[in-house]
Structures are given as C-alpha cells and as structure tokens.
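Let's start with one chain on its own, the form predicted alone, as structure tokens.
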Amino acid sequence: MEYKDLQEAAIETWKAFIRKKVAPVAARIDEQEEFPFDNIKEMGRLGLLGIPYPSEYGGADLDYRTYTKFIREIARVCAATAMTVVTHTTLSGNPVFTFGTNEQKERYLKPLLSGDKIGAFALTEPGSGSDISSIQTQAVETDGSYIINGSKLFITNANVADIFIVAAKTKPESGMLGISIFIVEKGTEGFSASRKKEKKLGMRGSDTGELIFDHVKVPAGNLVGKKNLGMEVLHQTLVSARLGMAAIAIGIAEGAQMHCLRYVKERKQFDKYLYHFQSVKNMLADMEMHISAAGLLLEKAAGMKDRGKNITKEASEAKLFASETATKTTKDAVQIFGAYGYSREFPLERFFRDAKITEIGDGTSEIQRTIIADEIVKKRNYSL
C-alpha cells in the first residue's frame, strides 16, 4: 500500500473511532474520574497506538506529523484520553524504540503498540520537578542486576500501567551525568503503585498516581541505553513528548472554538446574535489566529523530526505557544458562554480545566522559555 493510502486509511479509522467511542464517554470519564480501558485497548487493536513506529514492531509506518494530527483530533473531544495516548506511545514507547536493544523492542515495545500492555514514564519525584538532576531514586548495580529504591509522584498511568520507564541515579555524585533509565514491569517484587489516584483539577479521565520502589531488583538487561547516560534518553524523549503536548493543547483549543462558533450563531442578546458584538468577534479572531499559528509551529517541528533534525528549540516553541493558546482560548470560550460556560452541563468548563496542565507537563512554560533562549543564544549567528 502506498504511503498516502496508509495515511488516509489511518485517518478514516481514527475519525470513526473518535466519533463513535471517544466523544460519547468524554464527559462521563471526567465526571467519574474513570480510566477508559476499553478505548485504549481498542486503539491498540486498530493500530492507533503505534502510528509513528515501523510495522516490524506492530506500528503503522507513518510519521510524527500524522501522529500529532491524531492526538489533536482526540483532544478536541477528550483531552484526558489524548494525554493517556501520548504518555503511552511517546513517553513510554520512544525510549525503547530509540535506545532499546532488539530484545527490549520485542519484549516491551511490541505489546505497547498492540495495546496488550499499557506504559508509563516515571521521572517526577516529591522533591524533583523541573530540576531533573535532583531526583533521589537510586539504582545500585550488583551481580548482573540493579536494586532500585525511591519513589515517583504525579506519574500518568501509574495505577494502570504494565511497563514503566524509570529514571534513577546510578552515580549520585555526578548529578545529571549519573542518571540511568530502566524498564520495570508491574508485579516486580518491591515495586508498587500507591493505588491512590490523584484528585486533579483537570484530565480526570487520565490516571495519575505515585510509585514506590523498595529494593526492586531488575535485570541489567532492562537498562535502556548506557549506564549514567540517561539524560540523553530523557532529553530526546521529552523533546518528542512536547510535540504530543502541543497537539493536545491545540486540540483542546479547537474543541472550545468549535463549540463557540456554534453557540454565537444560536445565542441572542439585545435582539442580536452574539457574533454581531465586536468584543465577541475579537475573541473569535484571536482564537483563530492563535490556533493557526500554534498549528504551524507544530507542523514545522513535527516535519523536522520526521527528517531527523534537531528539534530542541522548535518543540519548545510549539509546546509553549500551543499551551498558552489553549488556556487563553478556553478562558475566552467560558466567557462567551457566560453562565453556561461555567456550568458542568456543558463541556467548556472541562476544556478550561484540562488546558492548564499543558503549561506544566513535559516541561513548564518557564522551562520552555529558558530552552528557547539558550538555543538561540548558542546557535544564532549575529554577524551583520
């Protein structure tokens, strides 16, 4: 099958799936804080969890531009489901695919892409967020294995995952240069999820929890990449994940915009439809302009990734602009809807709550600005 035919088939598949399965349950899984197990498993069966990976591992042989379009489309109706997919497909699958051994790809990547297993990415700790070098979880090498001790907090998919990508210090005195990445399987002795689901502002259908490592023994063969060089794995993985987060943010904004465009043509005040008021037109224009610009930044970054280019700056630009677009767009959408926007009977308040995490996850807006500034100072030629 030609590439374009593969792409069109994937698009038709996900549009039908989102319309029939994701959209109808979006409000319920938010209200009940319910993880959409059935939908995630079915996405795996349909090949939607492996869009940017090769067919030899069960992927769809498509590119990141196609993948981010898929994430955008899910997020238009259910950002929590989109967050689950990005965590599973990018944060969990990418380290194994890019840095893993053939054995690791066969044993862990294939079941992730098929949906037989769910993945999680364990980096954040109670005392470590943006400062990765301050993680306290340690892994000590002994007799062909590693013993891991520590804890992780605010981990997406923590209570539902089967395969965990875990960052731990193997040379604590070296800071960032002493971090290694491991694969830990659910059920390993000494390893547990807290079973306490975080009560969150938004993304309530996405599972978030704590992980405990109490003398967890993992084989040396579960080391991803090279010992003490885990920052390379983390950097590449987080940069890729920022494209997913940007796609989620744009999807949220597009979903809010869609509801607004319908509402302003139905709702009247002072005998005029809302779209006749200049203040409403200004908000609608800003929504369109920012969504379009965010989409172009994401397309640029995803296209560069597909060509094998360094996208450190471009991924941060896309993620930063898209996330701030999502928070502004959803805030304006609630304002346009007025009391209806504040009501839980309508989806606008859910979009508004879901948008905020896009400015925090996979690197805060402050960190993205630091990355962008560092990159342009380091690489830009200022000669006149």
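A residue's number is simply how far along the shown sequence it sits, counting from 1. Everything quoted here is computed from the prediction, not taken from an experiment.
One more form of this protein exists, namely the form predicted together with a small molecule; it is left out here, but the text below deals with it.
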Given that the small molecule is not shown alongside this chain, does Thr81 nevertheless sit within 4.5 Å of it in the predicted bound form, heavy atom to heavy atom? no
According to a 4.5 angstroms non-hydrogen atom cut-off, is Gly129 in contact with the small molecule in the predicted bound form? yes
Is Tyr275 one of the residues lying within 4.5 Å of the small molecule in the predicted bound form, judged by heavy atom distances? no
Can you check whether Lys105 is within 4.5 Å of the small molecule in the predicted bound form, heavy atom basis? no
Which pick from Val77, Leu123, Val233, Ile148 sits with a heavy atom within 4.5 Å of the small molecule in the predicted bound form? Leu123
Considering Leu49, Ala333, Leu320, Ile357, which brings a non-hydrogen atom within 4.5 Å of the small molecule in the predicted bound form? Ile357
Tell me, please, which stretch of 153-161, 293-301, 279-287, 180-188 lies within 4.5 angstroms of the small molecule in the predicted bound form when heavy atoms are compared? 153-161
